[in-house]
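Given as structure tokens, the chain that follows is alone and in the form predicted on its own.
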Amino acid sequence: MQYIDPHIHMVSRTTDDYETLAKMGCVAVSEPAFWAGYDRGSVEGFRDYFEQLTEFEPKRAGWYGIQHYTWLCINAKEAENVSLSREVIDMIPEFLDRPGVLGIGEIGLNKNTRNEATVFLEHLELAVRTQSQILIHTPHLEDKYQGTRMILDMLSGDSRIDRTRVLVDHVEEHTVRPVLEEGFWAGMTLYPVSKCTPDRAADMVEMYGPERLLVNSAGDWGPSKPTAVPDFIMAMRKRGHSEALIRQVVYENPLKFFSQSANFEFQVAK
């Protein structure tokens, strides 16, 4: 089955991973900007990173027939440095019109601090001003519910934001309902040691239906599995779900969400 991974950090993966993804049916990936494993010290470091995301990574994906899209921001883990964050936010518009740039992300919260909230709101202002889609990171483990609630409150407090163009990622059983009820898209991230498993993601599809639900691997530097979406496909098949339902979650839903971006020029595989 063909599928799209709507959240994966391919700059941290090898070309072998691209080849494996292609063999397993992946036809496109979406790569949000994220932490590099250390806090970058200057706006020029981010400019170089954005060049990598928009120039080199699409070429590397193309070697294996995979279409590559990206999102731009300063990640929440680096948002404590508000002055640097503002320099990066001011620089982002230089890249927003490049092919394959879908919008602003992954923005959000990490430890739910005042500085993180300030930088989150300033990212939102940029997204509204540039009519960009938004991809959001929710915090890990014990901070997740409070952080998700803070994020939803900030989003809902701005009437200019089109909720159908916002993806709130890394939802779990205790956060998926409010995200969907408030009209946003929800992303389920499949990690081997945290976040969600294929079976738990299947549970959420069964509980809430497939509408506005996406599933991703968020493969990055740490413990993660870039082929987690095929694991979800297998889990759904084992439960007897139809191919049409599975395809909706792993292919049609990403297409529907990403198609709201002017830079999403998806080529249907023949």
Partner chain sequence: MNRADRSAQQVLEAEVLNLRAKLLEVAAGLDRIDRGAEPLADAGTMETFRGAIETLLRPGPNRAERIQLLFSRAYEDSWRENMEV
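Residue numbers count along the first chain shown, from 1. Only a predicted model underlies this, so the values are computations on that prediction, with no experimental measurement involved.
Note that the form predicted together with its partner chain isn't included here; everything after this is about it.
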- Would you say all of M24, Q67 and I161 touch its partner chain in the predicted bound form, counting a heavy atom within 4.5 Å as a touch? no
- Go through 202 to 210, 217 to 225, 37 to 45, 58 to 66 and give me the stretch that gets within 4.5 Å of its partner chain in the predicted bound form, heavy atoms only. 202 to 210
- Exactly one of E181, E125, D153, E94 has a non-hydrogen atom within 4.5 Å of its partner chain in the predicted bound form; which residue is it? D153
- Is there a heavy atom of Y191 lying 4.5 Å or less from a heavy atom of its partner chain in the predicted bound form? no
- Item | its partner chain contact in the predicted bound form: K111, any heavy atom under 4.5 Å | yes
- Task: Evaluate T118 for contact with its partner chain in the predicted bound form, applying a 4.5 angstroms cut-off between non-hydrogen atoms, and reply yes or no.
- Result: yes
- Task: Report yes if any heavy atom of D90 sits within 4.5 Å of a heavy atom of its partner chain in the predicted bound form; otherwise report no.
- Result: no
- May I ask you to list the residues of 142 to 161 that have any heavy atom within 4.5 angstroms of its partner chain in the predicted bound form, in sequence order? E142, D143, Y145, Q146, R149, M150, D153, M154
